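Before any questions on how it binds or moves, here is one chain, the form predicted on its own, in structure tokens.
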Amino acid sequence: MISNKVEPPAGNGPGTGLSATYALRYFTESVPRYEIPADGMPAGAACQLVHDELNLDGNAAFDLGTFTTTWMEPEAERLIVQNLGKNFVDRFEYPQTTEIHQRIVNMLGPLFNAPDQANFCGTATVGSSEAILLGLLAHKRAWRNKHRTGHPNIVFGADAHICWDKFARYFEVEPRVVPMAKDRFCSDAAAVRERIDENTICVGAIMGTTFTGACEPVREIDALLAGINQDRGWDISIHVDAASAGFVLPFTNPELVWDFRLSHVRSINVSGHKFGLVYPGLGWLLFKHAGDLPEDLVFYVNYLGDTMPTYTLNFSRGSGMVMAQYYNLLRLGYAGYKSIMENCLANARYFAGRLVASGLFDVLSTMELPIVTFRFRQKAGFTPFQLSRKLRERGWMLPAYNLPPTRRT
């Protein structure tokens, strides 16, 4: 119980009295919902009111569909709190924060097999959505710098995150979306070949798709582009959306080639707040070569004490999550991340096996990542939405959704 020392009611004489939080008038009188209250209230009462309201939310630890981190060690949480007030963009006032940010970029480059540590570049973002928007914007500007006429287009699968569609609409690029088919859940080289032309700014390849968690065949798409670019004189590259896979595959399957080892993969995004094990929101965007980020997209500002480059869609935000990422990289190391991701995969595969053994479900996941997507067999006798509602009665949150119309069965 939170208690607060407050002034006693009028007529009770001078001095202070001790009143339990739930006995205060703020818990017996209405508090405005959509207006700033005329008077304030004790800190404990405000905290308890907000806390009680949030009890209506689900428990994040029981969310079976979340991709974001729901727990961090107390030491990491202390670092987050200590750095919430540091404006990440203010590099002049917080030079060591800038140094740590650059250290993380230098760690992630080799993780994705960047060819030259001195030449690749990258930046932290609020999440993978911002990273994708910025990465694709760089591809569009690079295309525009070579093509003064024509209308740009971009090729990606219907399995991509909604931020890919947002990019196309916000930045006026024609989306050429590869639909799902009954025998194909994601994009492939043959579908890409049908949609690219000289005005394609890049091809999107998803490692850990939104609908099923599958990984697209980046190596096959790269081979396709290598041949077409050489034959036709085009320069179509690949942006890999590794929001989910970027902190998994380098540790669990380092032999799988999907990253900067491929000649046409020019940019990669990854979510620190997914399997990077950091609270929301944190993403990372890396370019294979510094030249893959057109210089005319970088802004140089000097009103915070010194001239500094910036390539972001937003400006001010706290530095806490960047420090949390650095903490994890130091705390866990390669061996720690490998152990956690292998354990996650083992749990996912065990769960998938139990679903299949029940005879009620078909597992759609390829199990390259610790993501389990399943559908009901005809004899189940109930729908995914009914199961989701039933689990919610016990506090568990299970996402139920339809695949795009071309793939519903």
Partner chain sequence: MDAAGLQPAADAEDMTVMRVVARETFSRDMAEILAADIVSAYRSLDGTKSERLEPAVSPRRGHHAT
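Values in this document were obtained by computation on a predicted structure and should not be read as measured data. Positions refer to the first chain, counted from 1.
There is also a form predicted together with its partner chain; it is not shown, and the following applies to it.
Looking at residue 378, you'd find a heavy atom of it within 4.5 angstroms of its partner chain in the predicted bound form. Contact check for residue 148: no non-hydrogen atom falls within 4.5 Å of its partner chain in the predicted bound form. Taking non-hydrogen atoms only, residue 277 approaches its partner chain to within 4.5 angstroms in the predicted bound form. By the criterion of a heavy atom within 4.5 Å, residue 384 is counted among the residues contacting its partner chain in the predicted bound form.
Checking 288-296, 174-182, 125-133, 252-260 against its partner chain in the predicted bound form, the stretch whose residues place heavy atoms within 4.5 Å of it is 174-182.
Of all the residues from 365-398, those having a non-hydrogen atom no more than 4.5 Å from its partner chain in the predicted bound form are 370, 371, 372, 373, 374, 375, 376, 378, 379, 380, 382, 384, 385, 386, 387, 388, 390, 391, 393, 394, 396, 398.
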